[in-house]
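Given as structure tokens, the chain that follows is alone and in the form predicted on its own.
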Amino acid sequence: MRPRCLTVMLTPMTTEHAPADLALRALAAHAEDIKPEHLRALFAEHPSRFEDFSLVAGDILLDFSKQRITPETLKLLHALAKARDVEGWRRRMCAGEAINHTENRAALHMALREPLNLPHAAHAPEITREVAQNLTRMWEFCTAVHSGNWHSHGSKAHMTDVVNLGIGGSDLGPRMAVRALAAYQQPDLRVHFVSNMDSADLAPLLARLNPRSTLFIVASKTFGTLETLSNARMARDWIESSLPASLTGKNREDAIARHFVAVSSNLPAAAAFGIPAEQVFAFRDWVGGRFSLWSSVGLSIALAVGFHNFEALLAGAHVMDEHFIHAPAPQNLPLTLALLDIWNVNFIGAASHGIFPYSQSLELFPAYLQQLEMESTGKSVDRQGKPLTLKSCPILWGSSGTNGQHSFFQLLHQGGQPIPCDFILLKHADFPLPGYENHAHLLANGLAQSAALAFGQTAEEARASGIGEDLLPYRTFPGNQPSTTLLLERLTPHTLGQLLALFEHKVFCQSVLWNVNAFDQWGVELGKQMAKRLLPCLNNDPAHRADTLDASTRGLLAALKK
């Protein structure tokens, strides 16, 4: 009997899942067949491997020739995609069906970046109209801030600093995009991000800012997120303390309000905080937090780089949307990336995945992907409420190159664990330095690392380079570490939009292949609920008894209050 792959635990076939089960069994058998194959041999046997295992869409070249696959692997993976009905689920998402079944919501983030003169037939007219109105309001506000027409009460000084108060999807996406597009930064406006309720995040920033020229964006869909509201109250007190005591009543409230706008769907809560309705930018429940930077959540991006560049970001994402919707499966970049992940996690046995952008501007991209992927597919229950028979999302981690080479790359080369990697390279630097070879060195290192991980170094090669016999065990590298390289012409708002949409659609395909809901995050909610129950215990509220808690939590509470 053929041994079963460690990470594929197939249950007896049912009529509902029979095609997918057959496809998974075929992949498990194929994985055992090619297990002894090394990437060295695969390249030797297949000279046109790069041409056959690379794809182009928009401004992105995807080279997956260093993955441990053969043409047969791809054929079987696409059979799985067909059995899981990836195309059907894509149509359902585009049609606005409530594919987020646990919250009865649609996932229409693609509608946010659709050209306004080309309304999608599947979207209700009110959605297209709402998106257009919101973009117009964002443009008007950005124009007012950038022109200096938005200023504090009693002052003609323009705003010099914007502080985005948010967490999760209201922070990671915009923060990453603003960092990535630093080359397009507005020259006279600085945009900051604060997410942690630890006062060490906000307090040092406020110490450096001028309250008369600081604007806060309170980004919370419900306007009830604990971390965001805690920081917003601190910011409000800071603004109020800077106002003259002679300013009272409505005039005082109006003066405070000039320093705040909100991104929220809860107008009454924003009004109760002191932000009038005309300063609230709404977004709907069909926009998930980790898919929301294209919405009014991206106001901080538009302020940081200019609204025309925010529009270019949306346009780039739309290019990838069109590719994802219309490209045949074998040429579809998001589907290909998703299938490679299924292969590596469920048939190669990878438990983690490295993300290495060789661009300092993309240093926050791994953190952004951690939320996008691990919050979307980090699930153990399928759409039918049953335990998964496949492992799902790997642990994502990484950093910008070449920094990672001097810390954790040693593990990749000789740690003995299969860790697939994504390398992201820019053909042209976003901060070019004429007369210096920094970017050439950067590219050389990125290419070298992916090649070294794939092919390693044999004892014979080490010996031929002059390595002594006593050091051979230390200077031999097994290689065979799978990787994918994404090459972008340059980092612009348009290409960044393509890159982000590529990974969004990859995650959607993964969710279909693993049969999970990519758009809920109930594990996140559990921790919030428990924190609310523990806060009164920390505050010695007699109505809340600590003796109902577990022994560890009781002991820690006692130590904290001692």
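Heads up: residue numbers just count along the shown sequence, starting at 1. Predicted model only: the values in this text are computed from it and were never measured.
One more form of this protein, predicted in complex with a small molecule, exists but is not displayed; see below.
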| query | finding |
| --- | --- |
| Residue contact check: D422 to the small molecule in the predicted complex, 4.5 Å heavy atom | no |
| Close approach of N210 to the small molecule in the predicted complex, 4.5 Å, heavy atom | no |
| In the predicted complex, N196 touching the small molecule (heavy atom, 4.5 Å) | no |
| S220 within 4.5 Å of the small molecule in the predicted complex, heavy atoms | yes |
| Interface residue in the predicted complex among A29, A41, V56, V524, criterion: non-hydrogen atom within 4.5 angstroms of the small molecule | V524 |
| Of G289, G173, G354, G316, the one that lies within 4.5 Å of the small molecule in the predicted complex (heavy atoms) | G289 |
| Segment assignment from 58-66, 516-524, 495-503, 530-538: heavy atom within 4.5 Å of the small molecule in the predicted complex | 516-524 |
